[in-house]
Ligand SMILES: NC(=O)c1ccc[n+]([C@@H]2O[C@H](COP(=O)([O-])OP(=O)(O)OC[C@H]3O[C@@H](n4cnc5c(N)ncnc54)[C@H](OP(=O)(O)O)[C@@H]3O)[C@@H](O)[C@H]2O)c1
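One chain follows as structure tokens, the form predicted on its own.
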Amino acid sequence: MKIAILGGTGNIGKGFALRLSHKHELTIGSRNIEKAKASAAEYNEILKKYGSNNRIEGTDNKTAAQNADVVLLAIRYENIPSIIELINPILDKQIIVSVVVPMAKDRCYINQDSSPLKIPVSPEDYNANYFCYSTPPAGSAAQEIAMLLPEGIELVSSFHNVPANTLANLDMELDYDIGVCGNSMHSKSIVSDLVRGIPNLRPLDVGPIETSAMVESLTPLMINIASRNQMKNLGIKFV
């Protein structure tokens, strides 16, 4: 399967590229094609150290998406409109996968148009250091993406709660459950197979795309717990 990772030069994009490349054709996209090529070369050197001959390619976001079966959006929330506008003209039958989490540091929002819900504290106050899920007007990042995509393009929301550094460290064994949200069982099945393709990850069907907010909001929760309790490699596991 041909997979394009838009935002593939970032920390979480790097992890997906390294972990998925052993079974799929991987291309990482970036707004800067030279940056994409440099990152692809870096990832290939890492794979070579682990005895892999798989090759990751680097190009611009639009070209990466055009040639893919699955387009994984490993981008910042604020970049959603520009990225979707860029790739919309070339979308045909690609499945879009969102790993986007809208969150803010030291402030909480009801939605992006609201004033922050914050009690003033001094910068030295330990309790000021936290992350909070910033609920988008549509309800979640995935729902906003769904509103911007052309009719007929299937969207799946998944992979939100995997620690980026752990994902990119091939010496680390993963043992997490991965929520999968979407309105099409066909596309959810394909993404679930991608999850299973990474050893010790288990896909779990959460429901339609409207349930994505619940899964997205777990990411800032996990970051807060990990940082305040000196925990590493924190993930989600249902037992």
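Every value quoted in this text rests on a predicted model; they were computed, and no experiment measured them. The first residue of the shown sequence is 1; numbering continues from there.
Beyond the structure shown, there is the form predicted together with the ligand, which is absent from this document and is the topic of what follows.
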Among 148-156, 89-97, 163-171, 131-139, the region lying within 4.5 Å of the ligand in the model of the complex by heavy atom distance: 163-171
query: Thinking of L26, K48 and N54 as the candidate spot, does the ligand come within 4.5 Å of a heavy atom on all of them in the model of the complex?
result: no
query: Heavy atom to heavy atom, is V215 within 4.5 Å of the ligand in the model of the complex?
result: no
- prompt: Contact between R76 and the ligand in the model of the complex at 4.5 Å, heavy atoms?
  reply: yes
is_contact(L18, the ligand) in the model of the complex, heavy atom dist at most 4.5 Å: no
Distance check, S227 to the ligand in the model of the complex, heavy atom within 4.5 Å: no
- line: Near the ligand in the model of the complex, with a heavy atom at 4.5 Å or closer, the residues from 1-19 are G7, T9, G10, N11, I12, G13
